[in-house]
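Shown next as structure tokens: one chain only, the form predicted on its own.
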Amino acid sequence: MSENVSKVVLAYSGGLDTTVAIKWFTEQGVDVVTFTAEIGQGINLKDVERRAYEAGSSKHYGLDLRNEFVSKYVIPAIRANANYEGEYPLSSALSRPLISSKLVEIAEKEKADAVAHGCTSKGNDQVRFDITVRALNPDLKVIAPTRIWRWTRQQEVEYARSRGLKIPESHSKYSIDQNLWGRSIEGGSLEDPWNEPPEEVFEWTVDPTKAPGEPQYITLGFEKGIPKTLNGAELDTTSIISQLNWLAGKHGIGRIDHMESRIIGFKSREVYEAPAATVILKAHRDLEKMILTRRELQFKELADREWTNLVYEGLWGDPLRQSLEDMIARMNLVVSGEVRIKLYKGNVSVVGRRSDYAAYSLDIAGYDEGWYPSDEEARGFIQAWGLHTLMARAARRGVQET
């Protein structure tokens, strides 16, 4: 290790990379303080703390950040209909700026020289951690041991075993990251895009073919774009997400398998589980379509996509992200109402929606009775609407393509 570092704060997940990192740092004579964030991955903070100390940590911080994660990161993502490349709901990407901010806080408190994470040189997360930490405190060094080792996963496993480190069996086979908003699985047989993901990689969702034979209907209520009720019961958003992960997961909903364009320039096969995110984002988008005008929707799609790309690309600290987020939140001030959803064998269907702010009128849109433009009104509108097209085509008549 070339950096002159005496104390480092390590983002510790309890998995293979960061457990090995503790031992590697201590063998370099570096004092290691570890930090673990509980953001809904279902870990036992005491167990993780024990593993950190067993590996050589001198001090450990375990913080339950679920509500902060939801309020400051997940809710803006819901309002922005955030699905990178139409598939990935940013589960891991959203957690990185939160973890980075806590790393900086602890490093400043502990008077550490550096912070560290377990990301590889091929991954997206290294970009997210490095940029966010440096934006918050440019004086802190950022160290990624796996970028220095350049070991294969098998070499890491062998190193851990040679030092007597205990690694969960699943973590020696796949690289797993999860939080309340989703679960990502990489490595092993998944690296070949032709291979179907084996059932063993899924924990939150049942095989859709083995899901219940009858559909389940739920009602999700929103206030200003924020999930507030589930089946009529008012709950905090964190609880709604937790319940939906279970409800939708048992119907096989939320499995995502796609080819993703990574930040650093190559394609990667990614497998995710995101039951709650799948349901909530679909319902929120549907409610927006009932409430916002066509021009609002068209413009918001551009803003949503740019917000999503900034977060995915590790640019949470970019001023544009905050500006877009403020605008998106303002547009969501009227996105309140209820969405009725059918869950059935891996499919999410919106089957009903209602809102006091709906830009929909049965008196106008209904075909049985109500308002109808006269023939003269309809022909006048059509003529005016198509005038630019008709004039342009007339002016270009006879032009030959080369």
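For every residue, the number given is its place in the sequence shown, counted from 1. Keep in mind it's a predicted model, so treat the numbers as computed, not measured.
The discussion below concerns the form predicted in complex with a small molecule, not included here.
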Within 4.5 Å of the small molecule in the model of the complex by heavy atoms, the stretch out of 211-219, 149-157, 103-111, 265-273 is 265-273
In the model of the complex, does R128 have a heavy atom within 4.5 Å of the small molecule? yes
Please determine whether Y312 contacts the small molecule in the model of the complex, using a 4.5 Å cut-off between heavy atoms. yes
Taking the shortest heavy atom distance, is A248 within 4.5 Å of the small molecule in the model of the complex? no
Does at least one non-hydrogen atom of T308 fall within 4.5 angstroms of the small molecule in the model of the complex? no
Between the options S92, T205, T132, N83, which residue brings a heavy atom to within 4.5 Å of the small molecule in the model of the complex? S92
